[in-house]
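The chain below stands alone and is given as structure tokens, in the form predicted alone.
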């Protein structure tokens, strides 16, 4: 097997893994802190991609339009996330998991219809600016320059989340709320405000992921259903609530998919599910999770 081909597939898997990380990190953060399993997370990611397209159309005459559109899409999703948390999610804090899933699955259906009413059913495409057109070369191997940007964004978000959770006062409060919300509340810190901030941050990252994904290919209805299963596989493999686990799980799933496409295209998703099942059997709480999150 040609070494250049293997390196090309590795880079392709890494870029796909970073897209999955951007989606799964928000999902894992929300569950890890709030114990809310947001099945609509990928649907909000798709909304972020559509908003990125809309902002790009408005700013099409400017050379920086695509870059600004990605940021505006993330901020718009953060605002939508705030409304969703205050109006809906706050009502199911203490409900059982099936009730949470029913609520968030209903959101999937509603979001899908709202997308059809707002943007129609046609595919949308964002043209990349000249700055990211054409390949770059690693050891003589061509690689899409935009995917370099995707990889850098993924690692930047990972570092940013680590710094937020480990080095800031608010991050310490968030981590404390994971283990004892009663103790944090007894200190006079309002738990709903913490949860709202965490949910908004998670949805902001989902919007950022949608904006980053939008120029990769066409924006299509149903993309969220195709990616949500892989995102859940990522957090199951890495461990719910573990940032490092989500990063490692994303890379594992991305690389499995990339090399499966090369050697066994029909079994790409099958191998992802097999690895997920093996992890569930050996470590139900994931590679970097804890038994309390199993």
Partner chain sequence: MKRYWWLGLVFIVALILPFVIGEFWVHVAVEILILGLFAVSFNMIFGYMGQLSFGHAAYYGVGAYATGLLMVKASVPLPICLPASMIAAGICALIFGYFCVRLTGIYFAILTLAFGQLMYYIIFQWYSFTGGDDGLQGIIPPDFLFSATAYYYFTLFVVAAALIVIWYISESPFGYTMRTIRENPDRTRFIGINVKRYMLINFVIAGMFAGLAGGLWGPFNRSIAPDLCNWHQSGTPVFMTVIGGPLGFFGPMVGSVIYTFLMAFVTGFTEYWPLTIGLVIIFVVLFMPGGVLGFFEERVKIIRARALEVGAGESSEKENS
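Residue numbers count along the first chain shown, from 1. Everything quoted here is computed from the prediction, not taken from an experiment.
Beyond what is shown, the protein has a form predicted together with the partner chain; the following relates to that form.
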> Just one of 183-191, 164-172, 202-210, 113-121 has heavy atoms within 4.5 Å of the partner chain in the predicted complex; which?
Replying inline: 113-121
> Is the partner chain in the predicted complex near all of 14, 68 and 71, within 4.5 Å of a heavy atom of each?
Replying inline: no
> Which one, 101, 176, 141, 80, lies within 4.5 Å of the partner chain in the predicted complex by heavy atoms?
Replying inline: 101
> Can any non-hydrogen atom of residue 248 be found within 4.5 angstroms of the partner chain in the predicted complex?
Replying inline: no
> Is residue 226 close enough to the partner chain in the predicted complex to count, meaning some heavy atom within 4.5 Å?
Replying inline: yes
> Can you check whether residue 240 is within 4.5 Å of the partner chain in the predicted complex, heavy atom basis?
Replying inline: yes
> Is residue 39 close to the partner chain in the predicted complex, meaning a heavy atom pair under 4.5 Å apart or at it?
Replying inline: yes
> Judged by heavy atom distances of 4.5 Å or less, which residues of 83-106 approach the partner chain in the predicted complex?
Replying inline: 88, 91, 92, 95, 97, 98, 99, 101, 102, 103, 105, 106
